[in-house]
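Just the one chain here, the form predicted on its own, laid out as structure tokens.
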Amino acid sequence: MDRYAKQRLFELLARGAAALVVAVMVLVIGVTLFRGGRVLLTDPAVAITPPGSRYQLEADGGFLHAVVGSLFIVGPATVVSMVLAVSTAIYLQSDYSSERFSDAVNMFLNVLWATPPIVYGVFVLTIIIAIGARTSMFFGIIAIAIFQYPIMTRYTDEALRSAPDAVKEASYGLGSTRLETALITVRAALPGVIAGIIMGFARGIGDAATVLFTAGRSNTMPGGPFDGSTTLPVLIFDNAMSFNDELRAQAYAASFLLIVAVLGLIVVSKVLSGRYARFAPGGRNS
């Protein structure tokens, strides 16, 4: 086989693999949107109605408690993780740390990124048992924040590294301090930083394993931070295995909301990245 035939064969395999991945993605999203959307069109109140006292037995009420629980857990966790991630990414730049130290930290961040989410849940559960506490939204926030931390840090670090060197040079040339220069660099890399924060939020709101052992399972509306709560992914997991047809239908409806939310976050990430790209050197209308 000559090299041109090998090239055509490789192109054919690459296109076939890409087409297979896209087809599977479209099939999964399409089936979920079709079945879940049909449930929401038939009974839209299921998404905005709190659960009843016999929710698991009779599917009494909706899954508003899971929606609120997801927001109450992932929202604060994203804020905590964002502060830590941006601070870490700034420190990993050459202004503050050596290249050897930065590479070592990035290696550990890559390991944390590849760690299965359930490991974070088990880690926080070990802490809960050690201090004699019980599962609650507070520990769910801690678990999700730890899970999001390496994702946001790697995104932010890459964004800061991709910022033009002229930004730092001009800043130092004007007599700015390291902190002032870091803030200017963050502004120049804002599109990538925003994308990392939104992707971290999307990963957090779609994860079940991390909060499975930390936030508990609850069929009531979330109370205080030290009360148990459930999230949409955990509710989908529980309802999908139920013997009750109505609960299984609610699992598809909740999956519909979750997919729409994640896809919406990705779109928002793209829009905001484009919106703030004009503030970066060389960006649109800069």
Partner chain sequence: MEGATESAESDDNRGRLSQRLRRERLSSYWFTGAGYFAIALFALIVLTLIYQSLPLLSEYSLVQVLTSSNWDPARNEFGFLPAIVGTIYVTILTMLIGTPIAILTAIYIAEYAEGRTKRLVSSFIDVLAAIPSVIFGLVALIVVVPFVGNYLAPVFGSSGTGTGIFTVSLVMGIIVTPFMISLSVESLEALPDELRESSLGVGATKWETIRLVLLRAAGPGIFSAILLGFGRVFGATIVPAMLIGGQTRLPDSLFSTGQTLPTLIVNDFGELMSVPITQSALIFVGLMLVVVVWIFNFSAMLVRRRLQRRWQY
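Positions refer to the first chain, counted from 1. What you see is a predicted model; the values in this text were computed from it and never measured. Between two forms, the rigid core is the largest collection of C-alphas that superpose within 1.5 Å.
Missing here is the form predicted together with its partner chain; even so, the following discussion is about that form.
Note that among 143-151, 160-168, 67-75, 187-195, the stretch whose heavy atoms approach its partner chain to within 4.5 Å in the predicted complex is 143-151. Among heavy atoms of P116, some come within 4.5 Å of its partner chain in the predicted complex. Its partner chain in the predicted complex comes within 4.5 Å of no heavy atom belonging to P51.
Contact between S218 and its partner chain in the predicted complex is not found at the 4.5 Å heavy atom cutoff.
When its partner chain is considered in the predicted complex, T88 lines it closely, a heavy atom lying within 4.5 Å. Contacts with its partner chain in the predicted complex, taken as any heavy atom within 4.5 Å, map within 228-252 to P233, I236, F237, A240, M241, A251, Y252. In this overlay on the rigid core, L12 has a C-alpha that sits 2 Å or more away from its partner position between the shown form and the other one.
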